[in-house]
Each structure stands twice: as C-alpha cells, then as structure tokens.
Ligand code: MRU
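Below you'll find only one chain, the form predicted on its own, shown as structure tokens.
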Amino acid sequence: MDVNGTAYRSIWLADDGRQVEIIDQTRLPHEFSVITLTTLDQAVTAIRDMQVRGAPLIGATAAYGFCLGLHQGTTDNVLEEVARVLVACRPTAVNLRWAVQRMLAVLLPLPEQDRLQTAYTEAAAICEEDVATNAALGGHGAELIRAIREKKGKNGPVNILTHCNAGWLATVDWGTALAPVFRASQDGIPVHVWVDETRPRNQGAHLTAWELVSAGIDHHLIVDNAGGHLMQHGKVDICIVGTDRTAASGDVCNKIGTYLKALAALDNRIPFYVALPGSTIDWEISDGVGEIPIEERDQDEVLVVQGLCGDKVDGVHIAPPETPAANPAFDVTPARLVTGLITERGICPASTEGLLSLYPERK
C-alpha cells in the first residue's frame, strides 16, 4: 500500500539482504518510523511490544526472526531454542506458532551449512504467500460489498463497521478485514467505514484510520460502544472483522470487544463476517471459548492513554493511582454469531463443515 506516494509493505529485508526492516506501529499515526531488526531478541521485542501486530504479520516477523536467530549458529539445538523463544513471546495468534513450525519443518532435514540461506528463502516465501492470500481474500469479500451496493442502489455508500486493525499493517500487505474495503474502493464502489477506536491500545484510531486516510476512503472514528447504536438506526450495512485464531468449529478469537459487536449485529440482523487467511485456522481446537488461550497484557495499557500533546507523543493517566486494571487482549465470538468466514479460497459458513468445504485436505 502507499504511504505519501511510496509503496510499502509492513516488513521487508534491508539492502544487505540479512537485516529486517519494519514499520514501528507504536508510533503511528503521529510518526512514520522504520526500525531495523538485527537480532532474534529485537524481533521478539517487536512482536511482544506490538511494534508489529496482527496475526499474519506476527507470523511473517517470526519467520524472519528465525533467520536472525540462526546467525548465532545452525545446529539442531539452536533451531529448537530459537523456535522456543519465538513461540513464547505472544500466546494467542496462531500464525506465530504456524510460521515457526513451518520453518522447523523445512530446516531440520537440511545440512547445517544450508540452513541459513534456506531460512531466508522460506521467510520470503511466507511473506509472498501472505500478500497473494490477502489479495484473493479481498476479492471474495469485495463481492459481498458489491452485492449490498447493488441492493441499495444509489442510496448512499456501503457502510462497513470494523473493529481493531485488520488492514495492511496487520499483514504483509492488503490486510484481512480491510482487504475487501480496499478492493471495493479500487473497483469504484462507494464505501464508508465506521472505525471502532478499539481500546485499550486504540488500533482502530491509530492504525485503521491512518490507513483509510492514506487510501482516501471515507470513514468516521467512533467510540467502541457506539456500534450497537449505529446498527439500531440502520447506519451499518455489514460488519467485517479479522481474527487472530479461528477454531476448527468456526469460533473466532479477535481483539477484545469483537464478541459484543457480534451480539449487536445479531440483534439488528446485520451480517457479521470474519476475514482470515487459512494459516489462522487452528485445526487442533474445536471449542474456541474453552481452548484458545487469551493473552493478559500489562495493566498500563488500560490505565495510560497514548496521544499527541503538542509535538510530543505522551501518555495520560486516566484513573486514580490506587486503581488496578485487568487487560484481557482478546475475546472469542462463537460460530453461531458469525454469518460467514471470508478466506482466500472463498466464503463459507462458520462451521467445521464450512471450513472443510474450502480446506478438504484437512479432513
């Protein structure tokens, strides 16, 4: 996607072909900053501290983090330790584990002297596949938006509500939930996006809004609790969100607050779709609520709000100093509340049967 007329992905190799460069998402929207990762520890910090975030991008960063870890050696013991460190840095997004397991599967059978270069080749392949996957996903989702537009006629744009950030910053490029929006806009379909601020880290306010400004797409930022009101008054045509892990049953785990949006959508008969690449499906889990681990993050994310004060990005404390905070980062939306799943292979019901119809090799 473009940033001030320059095409960017969210992660890429530096000119030396060894170091890795990322956009520091903790500085957006007030500052566009590129960070160079040179070590495994720096890659882990980028994932843990959410300089990169979004399930597909976490997976891509883990793949390149694996490469950086192999500069200290390429023995089996080093590979296994690098894998352990990466998998431990964030628990919820399944793409992290998926990417690490894929790297291990490719590298362990090889002679030690071939592992480092092959690691870079495989990490690059993961990134290229992610771009193609999300572009295909965007095409399928755009057809839903087109159908709504045809039904509405000229009665305004298609109003889409999204939660958190599932745009190109959450992937290598294109995004998941926003890929259909980008595609529809490029196809000339008038769209308008209701952007949930997405407390406590405000990924909607900081990242989704920034992406939409850059793409020239009409949007409004709303507080998280405004979505139900907008649905009641006929101002939302469709909800599209992303997911960090999807159970084989169709249950979806996404940023905290997604479950409440799904309940409001059901009550108001608004279609609620979840966009995801196949790599985000955890085929080993059938009960999302009971089995998906929910990351508990630092309470300061709730107690301190980051923003631009004058020309400086700073934090503001919003509660009494004696007040503690709980900070579950995700919730699980049961499959019964999901209208359908938008994938790179098409759209299916949120169910085991629906997923297997698109991924029959998993039967």
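Note that the coordinates shown come from a computational prediction; the quantities given were computed from them, not determined experimentally. Numbering starts at 1 and follows the sequence shown.
One more form of this protein exists, namely the form predicted in complex with this ligand; it is left out here, but the text below deals with it.
When this ligand is considered in the predicted complex, only one residue from 115, 255, 261, 183 comes within 4.5 Å through any heavy atom, namely 255. The shortest heavy atom separation between residue 176 and this ligand in the predicted complex is within 4.5 Å. Contact check for residue 164: a heavy atom falls within 4.5 Å of this ligand in the predicted complex.
By the criterion of a heavy atom within 4.5 Å, residue 246 is excluded from the residues contacting this ligand in the predicted complex. This ligand is not shown here, but in the predicted complex it comes within 4.5 Å of a heavy atom of residue 242.
For this ligand in the predicted complex, the listed stretch (47 to 55, 314 to 322, 61 to 69, 332 to 340) containing residues with heavy atoms inside 4.5 Å is 47 to 55.
Taking this ligand as it sits in the predicted complex, the stretch 256 to 276 never comes within 4.5 angstroms of it through any non-hydrogen atom.
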